[in-house]
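First, one chain by itself in structure tokens, the form predicted on its own.
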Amino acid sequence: MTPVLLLSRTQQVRLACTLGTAILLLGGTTQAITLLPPDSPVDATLTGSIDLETYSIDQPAPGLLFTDDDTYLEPRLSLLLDLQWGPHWSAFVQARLDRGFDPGARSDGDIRLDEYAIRWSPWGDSMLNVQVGKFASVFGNWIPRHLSTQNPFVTAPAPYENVFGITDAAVPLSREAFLGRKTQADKKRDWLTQIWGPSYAHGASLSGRLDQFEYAFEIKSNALSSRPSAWEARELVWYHPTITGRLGWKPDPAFALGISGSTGAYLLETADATLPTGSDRDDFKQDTVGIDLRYSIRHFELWSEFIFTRFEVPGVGYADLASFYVEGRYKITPSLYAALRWNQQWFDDISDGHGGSPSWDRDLYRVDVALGYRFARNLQGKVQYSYGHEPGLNANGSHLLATQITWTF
């Protein structure tokens, strides 16, 4: 589709160097584009970013990297259109050109509208906002900072990118077949994550702030674990919506605590033909709860989340898992920072039908280390090294080296 994205590995490396040099030369310029004259009743502003990511991978690729190559180049152009008319109404649209929402998912190139929404603020302040469209979930505290300009790392925490043996398009043939997925390599186009990135599904939300307290509630077309293809408008099915909410306490700018919850059917319409007789997709839900924390003092910031999820799997029963991550970022200088993140994920034991109780997937731990440098106000670079471990056959690779250059305009 896009010839630039079909280059050989050597050509990709050369292109990365060329684009990186060009971005560095552009680093001193930044100017949002105003699309309408000053006397227009509507303010329309266009901003964007160019991300250039490279990955050196220990195969099989961990997380949501869809590639069999040992090295991989992921360029991305993001454009954000903001509209504001009066104190009560606003809207936004975010479009991207890349090699798939997740690196390599569409290696021949992809153009998408990842977000679009209209927002109404009846009192013109932060007390109440009503939003309708396609937008990121309100769950937890990583999603609000998932963009490359806000994430201290190149990759996401484990709960948002580690794939495991839950399917949404069809139910397991048997309990034995379900447990057998534990020894298989990740099938990233068929299996799910606990929360798939920012979960840009369609829906509506209510959010706001009252003194020290924040609230946000949404009703969406898909569960938190749903894959990007299920977020598209052509896949919308509203018979089995997911409800998600978060309550937060922020007594001062340095501290924030939140609790989130979500419930909804995770199976897609294509799974209907494989459901047990007399059952419905609403009989098999994904229930998720989470606690999140943020703390900052001087040059140090800390974020953490603990997330528990229960999947009701047809013919199997409850498949439970828990995830935890804590990450910290320290500003060494105004331009240079170092970041460290610890991730863990545990899978519960379930009966194998023969007197045993194995865990239904592989436990994971992973450590991420990153350095970031801001070359200019609108230009930053990152380098990340990750080491992860999963036991058993066909486990994901342990080592990952990633770099990212981001230029905003």
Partner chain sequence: MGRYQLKAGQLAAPAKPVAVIYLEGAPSARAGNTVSIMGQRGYQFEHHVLPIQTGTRVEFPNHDEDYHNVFSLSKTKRFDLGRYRMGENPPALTFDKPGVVRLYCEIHQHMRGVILVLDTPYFTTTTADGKFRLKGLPAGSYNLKAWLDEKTILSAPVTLKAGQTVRLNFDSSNRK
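Positions refer to the first chain, counted from 1. Worth saying up front: this structure is predicted, and the values here are computed from it rather than measured.
Just so it is clear, the following notes concern the form predicted together with the partner chain, a form of the same protein that is not shown.
Visitor: Look up in the predicted bound form whether N129 has a non-hydrogen atom within 4.5 angstroms of the partner chain, and give yes or no.
Guide: Although the partner chain is absent here, N129 would touch it in the predicted bound form, with heavy atoms inside 4.5 Å.
Visitor: Is there a non-hydrogen atom of G278 within 4.5 angstroms of a non-hydrogen atom of the partner chain in the predicted bound form?
Guide: Taking the distances in the predicted bound form, the answer for G278 is no, it never comes within 4.5 Å of the partner chain.
Visitor: Indicate whether T270 is a 4.5 Å heavy atom neighbour of the partner chain in the predicted bound form.
Guide: T270: no contact with the partner chain in the predicted bound form.
Visitor: At the 4.5 Å heavy atom threshold, is S335 in contact with the partner chain in the predicted bound form?
Guide: It does: once the partner chain is placed as it appears in the predicted bound form, S335 has a heavy atom within 4.5 Å of it.
Visitor: All three of F92, A254 and R377 touching the partner chain in the predicted bound form at 4.5 Å, heavy atom to heavy atom?
Guide: Yes, because F92, A254 and R377 each have a heavy atom that approaches the partner chain to within 4.5 Å in the predicted bound form.
Visitor: Tell me the stretch among 290 to 298, 98 to 106, 165 to 173, 256 to 264 that has any heavy atom within 4.5 angstroms of the partner chain in the predicted bound form.
Guide: Of the stretches listed, the one contacting the partner is 290 to 298.
Visitor: If the cut-off is 4.5 angstroms on heavy atoms, which of these, L179, A136, A319, L79, is the one near the partner chain in the predicted bound form?
Guide: Contact with the partner chain in the predicted bound form is made by A136 alone.
Visitor: Which one of R112, R209, K188, K285 is close to the partner chain in the predicted bound form, taking close to mean a heavy atom within 4.5 Å?
Guide: Of the candidates R112, R209, K188, K285, R209 is the one lying within 4.5 Å of the partner chain in the predicted bound form.
Visitor: Which residues from 139 to 154 come close to the partner chain in the predicted bound form, meaning a heavy atom within 4.5 Å?
Guide: Sequence-ordered list: P144, Q150.
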